[in-house]
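Okay, here we've got a single chain as structure tokens, the form predicted on its own, with questions on binding and movement later.
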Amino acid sequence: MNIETTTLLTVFVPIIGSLTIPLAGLVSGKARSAWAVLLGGFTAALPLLLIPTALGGGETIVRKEFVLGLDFILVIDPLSIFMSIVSSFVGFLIILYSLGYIRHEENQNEYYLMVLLFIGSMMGLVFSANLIFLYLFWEIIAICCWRLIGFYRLKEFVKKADKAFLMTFFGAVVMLLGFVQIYGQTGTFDITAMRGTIIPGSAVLLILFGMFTKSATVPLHTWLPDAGVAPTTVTALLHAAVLVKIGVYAYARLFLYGFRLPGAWPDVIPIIVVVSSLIAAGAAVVETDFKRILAYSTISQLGYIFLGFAVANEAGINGSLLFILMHGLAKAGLFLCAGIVIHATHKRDIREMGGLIKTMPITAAAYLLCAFSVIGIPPFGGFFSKFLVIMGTVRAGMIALAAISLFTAVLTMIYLLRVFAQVFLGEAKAPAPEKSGSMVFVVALLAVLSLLSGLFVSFPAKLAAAATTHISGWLR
């Protein structure tokens, strides 16, 4: 297959395939699950075919002309390829985990339909080079999240799903106003046609509002911890490598690859994201709900990714790209470990747990390995990404922000190891066995990958370096 065909299949196989899930469900539950796994696996495999293109630093533009400047444009470059590989792979593992996690739940047709539509829309957003289509896929993802967060249909859960939808939808509409303002200046929605354009500060403010809302940057973060009422598979999808990474990816695509930030914005954005990271880490330290701790951790870690992109030097960009991968693997593992624990104990307060390492040894080991990566302990993958981001911040002359980021890393260690001690060590308060083989397999795989991604960091680093070189060429 050529590059264009591979990319179009990556986008439309999960989108169109998601609509066939109810038909597969009419055959049997096993047929539906198998079809969902097949679609997810195929979607995860397709971007791998684009790795030679990424390593070569090439760029391909796919353009299908429509009316009024609403051309369907896809950009296939190292940045989009890297993001598509990470997102589709983690999405596929979450589908595998779902086989055990929701096998007794109702509404499984809707669940798998929404998960696949979510993944497909993410692929569409990643490759989009038209601001309107980027916004379209952005909103389809919001609708999928709304249905998935409220999956259990309890009144309180539906309220929190509504909150997540309304906040992110409002942020996206504000961002759209920024896009319209840019169109008024440039006469196009084509990102590839506006490279190097300096846009008004008011447009930057509108666009950043949408990005920060979707990526749950403080103080626009409150919807994300509340989204923990969703099935753990959904929270992993939201936190690991898909939903909340949309904002940081869009930042890189628009402000590093596309137009330029005016005035003081390059100095202001790093301060905003570092403060957000610190506050979220502090909230995680005092929280006792297992999933909310991990949610605040996600908000905190996203600050590092934004920071690396914001300092916009080679070390920072490289670190942020690697951070997307390393955090995606490790945080998905942490959430799915939480899912095993909560599924078995029916408790979420870590103070009511303890001693589970005796009955859940694989889950305990997987949690610890994934935690080491998120903390940034060598030789785990998270160490290299966090080190590069902080080094990039130092090279940008922002010593104080680098120091705060190091302190935030210490807080990360405190709250993640506190969870391990409370849940898996000490006296057994609510002993429960590891049940589903598919669930345990996925968390063990993610834990091993979190370690191997560090031991063999040169492989993902080559892909990240190719994307960094490509971006840097437009920054000069």
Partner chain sequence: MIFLYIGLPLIVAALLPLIGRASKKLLPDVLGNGVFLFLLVYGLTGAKSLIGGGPVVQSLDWFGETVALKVAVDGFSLFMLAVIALVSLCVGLYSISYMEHYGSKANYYALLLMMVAGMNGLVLVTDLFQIYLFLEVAAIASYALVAFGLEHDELEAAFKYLMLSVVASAAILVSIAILFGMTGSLGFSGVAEGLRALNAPGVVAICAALFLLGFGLKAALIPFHAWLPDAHPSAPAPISAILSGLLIKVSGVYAMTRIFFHVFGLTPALSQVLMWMGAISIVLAAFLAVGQKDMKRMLAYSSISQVGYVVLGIGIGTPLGIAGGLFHLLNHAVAKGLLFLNSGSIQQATGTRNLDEMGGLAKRMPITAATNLIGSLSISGVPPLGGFWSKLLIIIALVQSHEMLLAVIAVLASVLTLWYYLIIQRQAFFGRLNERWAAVKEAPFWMSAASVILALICLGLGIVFSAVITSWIQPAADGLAKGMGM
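Residue numbers count along the first chain shown, from 1. The structure presented is a predicted model; accordingly, all values stated were derived computationally and were not measured.
The protein also exists as the form predicted in complex with its partner chain; that form is not presented, and the subsequent description refers to it.
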Within 4.5 Å, heavy atoms only: does residue 265 come near its partner chain in the predicted complex? no
Close approach of residue 104 to its partner chain in the predicted complex, 4.5 Å, heavy atom: no
Test of understanding: in the predicted complex, would residue 139 fall inside 4.5 Å of its partner chain by heavy atoms? yes
Indicate whether its partner chain has at least one heavy atom within 4.5 Å of a heavy atom of residue 108 in the predicted complex. no
In the predicted complex, which of the stretches 128-136, 191-199, 254-262, 333-341 has residues with heavy atoms within 4.5 Å of its partner chain? 128-136
Residue within 4.5 Å of its partner chain in the predicted complex by heavy atom, from 174, 272, 362, 96, is 174
Determine the residues of 142-177 with a heavy atom within 4.5 Å of its partner chain in the predicted complex and present them in sequence order; the list may be empty. 143, 146, 147, 150, 152, 153, 154, 155, 158, 159, 162, 165, 166, 169, 170, 173, 174, 176, 177
